[in-house]
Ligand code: BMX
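Below you'll find only one chain, the form predicted on its own, shown as structure tokens.
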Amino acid sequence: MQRRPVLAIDIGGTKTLSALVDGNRVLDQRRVETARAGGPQAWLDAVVASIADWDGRYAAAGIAVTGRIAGGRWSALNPAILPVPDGYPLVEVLSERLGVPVTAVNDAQAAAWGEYRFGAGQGTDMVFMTVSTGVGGGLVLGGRLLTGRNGLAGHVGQILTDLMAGEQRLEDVAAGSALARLAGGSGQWPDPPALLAAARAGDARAESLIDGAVLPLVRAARSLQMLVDPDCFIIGGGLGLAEGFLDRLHSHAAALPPQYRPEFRAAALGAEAGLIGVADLVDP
């Protein structure tokens, strides 16, 4: 009997992707907007409605989500990214809705595994850092995806950046949502892409605002280099892969001593990394 593909779902802060995945191939894909105010039930309703015609084409499903997964339950780490109620029974609810077994994992952890298995980090000890609406991450060391006792492993966006600033996390200053606030408040640039374009053109103020996001990311990577000494850092996400962003990471990292310098690589799987990764984590 021919193996059926896996249904993979990736719920992020702004969009939700669903796909039929076979190995590293995305056979079909659907997208719906994540209606932030709707809550998990509404988000899952939108997913199920968008893939109704796929019924019978998959025998198992994997779901990757922003936030924390522990014991099949979903909780927010930063409600500003997506307001998930604490301990939502994601696996139980989705399994009942779809009628198939469901595997759940954090979206950046899933993307880390996708890049390790099929992308820019194949065969390496690697840290994945996604810079998008929020900042997330995943660790693959010794060929194993680390999730941790409470599902927290790799959540680099929750690292505190400035103890004098209280509970200021990396994603509070380095995420796309942070840059959007800065760009909008500037009165000059409507969004982060416009801000990046101005920085590439040499606008000093735009460069300063971008560096306010880039420098904390480089410092966090330098600290992680000292902690786990990975072979590379894979950078993904809509902002992380935007033109000029990786170049600025390289530029600031070049100032570090070579033995402490993180090696940054662009993610190879793009927006499909989480889908491919979570599909590969589903038990056959």
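Predicted model only: the values in this text are computed from it and were never measured. Quick note: we count residues from 1 along the sequence shown, nothing fancier.
One more form of this protein, predicted together with the ligand, exists but is not displayed; see below.
- At a distance threshold of 4.5 angstroms between non-hydrogen atoms, Ala111 is out of contact with the ligand in the predicted bound form.
- The ligand is not drawn, but in the predicted bound form it has no heavy atom within 4.5 Å of Glu115.
- Remark: Thr147 does not count among the residues lining the ligand in the predicted bound form, judged by a heavy atom distance of 4.5 Å or less.
- Put simply, Ala198 is far from the ligand in the predicted bound form: not one heavy atom of it is within 4.5 Å.
- In plain terms, the part of the chain that comes close to the ligand in the predicted bound form, with a heavy atom within 4.5 Å, is 151 to 159 out of 151 to 159, 95 to 103, 203 to 211, 184 to 192.
- Scanning Leu90, Ala76, Val173, Ala180 against the ligand in the predicted bound form with a 4.5 Å heavy atom cut-off leaves one residue, Ala76.
- Taking a 4.5 Å heavy atom cutoff to the ligand in the predicted bound form, the contacting residues in 131 to 147 are Ser132, Thr133, Gly134, Val135, Gly136.
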